[in-house]
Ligand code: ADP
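In structure tokens, one chain follows: the form predicted alone.
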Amino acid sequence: MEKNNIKKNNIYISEEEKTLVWEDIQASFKKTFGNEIYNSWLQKISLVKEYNDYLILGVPTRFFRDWIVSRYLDKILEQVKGFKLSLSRIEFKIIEETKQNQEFAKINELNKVTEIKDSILNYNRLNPNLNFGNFIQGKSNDIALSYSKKVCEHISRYNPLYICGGVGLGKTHLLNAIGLSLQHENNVMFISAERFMYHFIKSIKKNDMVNFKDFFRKSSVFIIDDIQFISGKESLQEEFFHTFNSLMDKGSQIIISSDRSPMKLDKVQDRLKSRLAGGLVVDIEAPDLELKSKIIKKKIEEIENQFKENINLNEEVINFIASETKTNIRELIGVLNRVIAFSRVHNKILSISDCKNILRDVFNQIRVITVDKIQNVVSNYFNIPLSDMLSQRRSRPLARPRQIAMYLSKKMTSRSLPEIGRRFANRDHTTVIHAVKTISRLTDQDDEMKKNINQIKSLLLEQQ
């Protein structure tokens, strides 16, 4: 029906439908998403064509499009449907850079981004409290600690040094300690992968990639935390690959951390995995009982010195906390803080029985609930093979249990949406979002669904 459309201000508008006023839609974006997201992303979207049931929107680059689609598309569609109910989808078109630059020249002038150097100083300062002196050594981390210290003695001997391990086991502490040891005689760059991406995007938007490349490739020690964050981001991986090669060529030391080994990184280019695995890969494992006890005692000592008070926890209680906390050091400290706070409020020396009562709900949550456990319990509950539930088949007898498992994974674990999606046969995080919304709605509306969810939760909590 394109012949029934008229052209106005370079926008095709259906004569049969209400004409959209893009400025009004942009105003709603700003109100809904907030100034930061709007100024960084949504302000640069332009309306290219309007049809009865869909829109074509213009964006400056492919990276820009992929970022918006993966994070904001559902809410954007929801917003525009408020202005025109017949809209059911949005398509994006990469418009010419020259046109985009002319269209937003004034906007760029009004939205100057902080210089990269100042921004790095503001967000990525080395923490003086995370040094080698207060890193507690044990069997689970002694290899990683040893090679971290050796890197400080002989730069580029182990290059790159890649430290991997689960959340809250001390990876960032070691990276920070390396940076503190080397910063006085070297140009040290310490940054998270997420922050690296932030500067990458800002530089693209400002057409300032030359300064970006110069800034990140001049360091003699380059430390980057949580490299798994670049998963699935092709443009970012491309830039990091060239930054990595440039630093290696000039003899800079590179130190990297991740929650998994290089070859297990999902949606990362093979050539980049090969580079990351080409140096020394060391693993930090979950702490054993001895290390957890040492950490607890060290933390008690720090609290006593800081607040000038005695913490009355006997050896039995310390061993109980250490043995019952099954996850990571960060959660171990959280459990300890809870026990100390209870002891302070009630002014009493706690027994193991007291601790069991205080921490009953905590241990139920942190001890047993994993995505794997949820998948197995759900598949058994509905009497379907786990392989079928995780398959690409979309039949209702499989789809609903799969959605329930995704919903419980989001509600009962600390895993992110992309991580949960990967555990369900590499599904996209938007699939997980849809599952969570669907099951949340059904739980409110359907007594049978609510009963199923509660029974599965009980099974998960009982299997200790």
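Residue indices: 1-based, along the sequence shown. Since the model is a prediction, treat every value here as computed from it, not as a measurement.
Another form exists, predicted together with this ligand; not displayed. Remarks below refer to it.
With a 4.5 Å cutoff on heavy atoms, residue 295 counts as touching this ligand in the predicted bound form. By the criterion of a heavy atom within 4.5 Å, residue 134 is counted among the residues contacting this ligand in the predicted bound form. Within this chain, residue 378 is remote from the site of this ligand in the predicted bound form, having no heavy atom within 4.5 Å. Contact check for residue 350: every heavy atom lies farther than 4.5 Å from this ligand in the predicted bound form.
When you look in the predicted bound form, the only residue of 173, 275, 205, 195 with a non-hydrogen atom within 4.5 Å of this ligand is 173. With the partner omitted here, the residue from 130, 322, 236, 189 that has a non-hydrogen atom within 4.5 angstroms of this ligand in the predicted bound form is 130. Across the options 242-250, 87-95, 165-173, 310-318, residues that bring heavy atoms within 4.5 Å of this ligand in the predicted bound form belong to 165-173.
Note: residue 63-residue 160 Cα separation is 3 Å or more longer in the predicted bound form than here.
Put simply, residue 63 and residue 265 spread apart in the predicted bound form: their C-alpha atoms are 3 Å or more farther than in the form shown.
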